[in-house]
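A lone chain, given as structure tokens: the form predicted alone.
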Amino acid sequence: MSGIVIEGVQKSFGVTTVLRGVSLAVAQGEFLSLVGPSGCGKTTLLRIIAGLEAVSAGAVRIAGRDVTALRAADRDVAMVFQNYALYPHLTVRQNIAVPLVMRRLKAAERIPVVGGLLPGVAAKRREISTDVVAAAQMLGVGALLERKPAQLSGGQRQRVALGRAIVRHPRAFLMDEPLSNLDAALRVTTRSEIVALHRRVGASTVYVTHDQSEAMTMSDRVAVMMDGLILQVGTPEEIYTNPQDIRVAAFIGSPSINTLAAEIGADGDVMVGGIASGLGASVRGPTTLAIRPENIMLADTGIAARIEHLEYLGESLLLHARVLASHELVICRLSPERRRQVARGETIHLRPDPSRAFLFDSEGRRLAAHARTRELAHG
């Protein structure tokens, strides 16, 4: 397979295990995000792909070639760092040109003044300049080529870092939290630019972020990492609507998914505080029912709860309520028109949409479930 293939990669630093047998395949031309909380191992995995860290076990292949033992310079990948890693004393033109100069010019040819007198160097320099200008224009920094990094905004420095990455047409791009230093409005704009750039260039891209909105809006597929493991890989829609682990369900989505202690009775009904949820299962015993805020609604009967807080967001209303039976907090996303129909301190009844609810066992693994046809009722 072309693209990037990671097979059983393990990494330990002393007695601390960071990666626990990670396997992942990124197709040629695919944009895949690694998302997870800080310390889950995603940056370590990216650095292993880049060749900046050695594996403790496992293998890395890029474009069908085993690169596990190769140094970073021989892997034909480009990495964009969180802090841009621009040379402050070089101009934008010179910063973007660095990888081409190192690749196309011999050591003697890079010597100032003297190197320029060697045969063929002038032609090589002209080719490098042409490629640098093309990359800069693609990213909208063509007018900034003679400036230095200190004279640029954060967004402009990010574009220069991207230009330095794409200028030599690598087989793969690796990006480590590249937008984390930008303000919120600029992050939204720049992530669209990165996606557009990826589509033009067409190289396999692995993008590391802790920001789920970046992962969900930019990616062809998302890999959710926690505790040195990849818990699930899928399209953004699959990750959101079909989580296979309760940690994935809880991490993806804002506000976070609601989780309620439940019991699967002898008849297969899933009961929450003695109330039938409308969900059924073939197993029996304790379970966790998870339901996203937009999939739990107000009803005449159902799970009794008291409203603690209302958040008006313009396009929606977030209702925070405490379940009377269990004291668990539930958040519902309602249409803003409901604001005048509910009030803090009021007791309400909640009905989860059984076709969009999930069940998880005590280990956090997804359980098979189905919607019951009958209405919510007291057990």
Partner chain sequence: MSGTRSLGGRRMRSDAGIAWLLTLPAILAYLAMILLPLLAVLALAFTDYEFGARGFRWIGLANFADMLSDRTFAASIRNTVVYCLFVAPLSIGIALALAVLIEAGARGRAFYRAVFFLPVVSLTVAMATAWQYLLHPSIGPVNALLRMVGAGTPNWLGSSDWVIVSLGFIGVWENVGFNLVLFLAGLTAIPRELYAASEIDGARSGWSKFWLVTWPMLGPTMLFVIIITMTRSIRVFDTVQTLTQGGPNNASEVLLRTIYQEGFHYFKFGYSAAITLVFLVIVLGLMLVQTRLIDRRVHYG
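Positions refer to the first chain, counted from 1. Quantities reported herein were computed from a predicted structural model and do not represent experimental measurements.
Just so it is clear, the following notes concern the form predicted together with its partner chain, a form of the same protein that is not shown.
None of 106, 284, 89, 169 but one reaches within 4.5 angstroms of its partner chain in the model of the complex through a heavy atom, and that residue is 89.
This chain is drawn without its partner chain; in the model of the complex, the residue among 265, 293, 155, 99 with a heavy atom within 4.5 Å of it is 99. For the chain shown alone, residue 143 is not a contact residue for its partner chain in the model of the complex, no non-hydrogen atom being within 4.5 angstroms.
In the model of the complex, residue 85 approaches its partner chain with a heavy atom inside 4.5 Å. Contact check for residue 164: a heavy atom falls within 4.5 Å of its partner chain in the model of the complex. With a 4.5 Å cutoff on heavy atoms, residue 306 does not count as touching its partner chain in the model of the complex; it lies far away.
Note on the interface: of 34-42, 48-56, 310-318, 326-334, the segment with non-hydrogen atoms within 4.5 angstroms of its partner chain in the model of the complex is 48-56. Residues are counted as partner-facing when one of their heavy atoms sits within 4.5 Å of its partner chain in the model of the complex; in 104-123 only 110 qualifies.
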